[in-house]
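This document opens with one chain alone, in structure tokens, the form predicted alone.
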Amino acid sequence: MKYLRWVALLAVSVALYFAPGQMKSYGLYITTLWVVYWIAGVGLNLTVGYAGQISLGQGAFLGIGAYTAAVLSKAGVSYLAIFPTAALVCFAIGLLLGFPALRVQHHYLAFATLGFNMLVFLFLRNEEWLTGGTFGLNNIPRPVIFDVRFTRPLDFYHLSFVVLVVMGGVMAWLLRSPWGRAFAALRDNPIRAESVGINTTFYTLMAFAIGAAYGGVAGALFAPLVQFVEPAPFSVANSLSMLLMVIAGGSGRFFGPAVGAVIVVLLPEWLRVAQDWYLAIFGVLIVLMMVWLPGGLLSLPDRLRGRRA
């Protein structure tokens, strides 16, 4: 059964890699954006779903990664250096953001991370010498790695998907390691975790830092995808959308961010056939899903098994 699961996962990965080959440019753009948000969601799922810490700042880390990539790429830095730089910058800032989590929890922590997101947004909007302010930074080049140019939309999608697979593999390894069990213990009962020798301070900080690093990598893909960055996509509203993505997909479930990214990124596009009503329909669907499936869409099989039992 275990090997069958891996074969199925490999088949789905290959299908997702080659499926967009016949899409038009806008379809490729939306699909690539789904992949980018999936990467950011994987990091936020670690912070929220596995470590039990509330964060409303992932949109800010997406922006920090995007602006880091934009500034460095326009300066001629190779993307082989940009990806780890964006991740390290966000890792360091995420580490600092984790300190309030050592003192406050629940909605107080949510307000602290919300304030951080607003601070980053104001910095991006006002510091024109670095970020371009409301005018943003344009003409961001697509990556060139080992003389291979990812300028075509399909090539860039393939690059984004490979980065997703690598980052997903790293997260899977992390969750299967003793770190994963420590994060779960921190989420379930911090006092009990500390009583059995788990350094809750260290793992709380790491939950924020690693989750932020994933947001930085996603941002380093977001910038060359849109080839123009300005502060609006990195506001508090985007962080709320990312939190919705994790919760709606299934908080604490490995593929929850993938399903959640479909809901947040792709579903509104599919509903555009309803024209002016598409946002109202989207909101109603989200409310109904949260009422009937508070554990996210991936909790549906467990709910059905519980009813049969």
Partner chain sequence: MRALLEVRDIRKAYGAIRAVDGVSFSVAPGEILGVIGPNGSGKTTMFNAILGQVKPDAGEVMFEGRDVSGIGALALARRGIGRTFQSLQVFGGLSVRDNLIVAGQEFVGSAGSRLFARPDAGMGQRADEIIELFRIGHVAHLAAGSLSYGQQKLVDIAMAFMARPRLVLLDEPCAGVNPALIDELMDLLRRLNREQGASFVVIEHNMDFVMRLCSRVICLAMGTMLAQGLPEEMQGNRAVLEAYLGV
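Numbering follows the first chain given and starts at 1. Keep in mind the model is a prediction, meaning the values are calculated, not measured.
Omitted here: the form predicted together with its partner chain. The next part is about that form.
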Report the stretch among 182 to 190, 113 to 121, 77 to 85, 149 to 157 that approaches its partner chain in the predicted bound form to within 4.5 Å, counting heavy atoms only.
182 to 190
Each of L174, N199 and Y203 within 4.5 Å of its partner chain in the predicted bound form, by any heavy atom, yes or no?
yes
Determine whether any heavy atom of N126 comes within 4.5 Å of a heavy atom of its partner chain in the predicted bound form, and answer yes or no.
no
is_contact(P178, its partner chain) in the predicted bound form, heavy atom dist at most 4.5 Å
yes
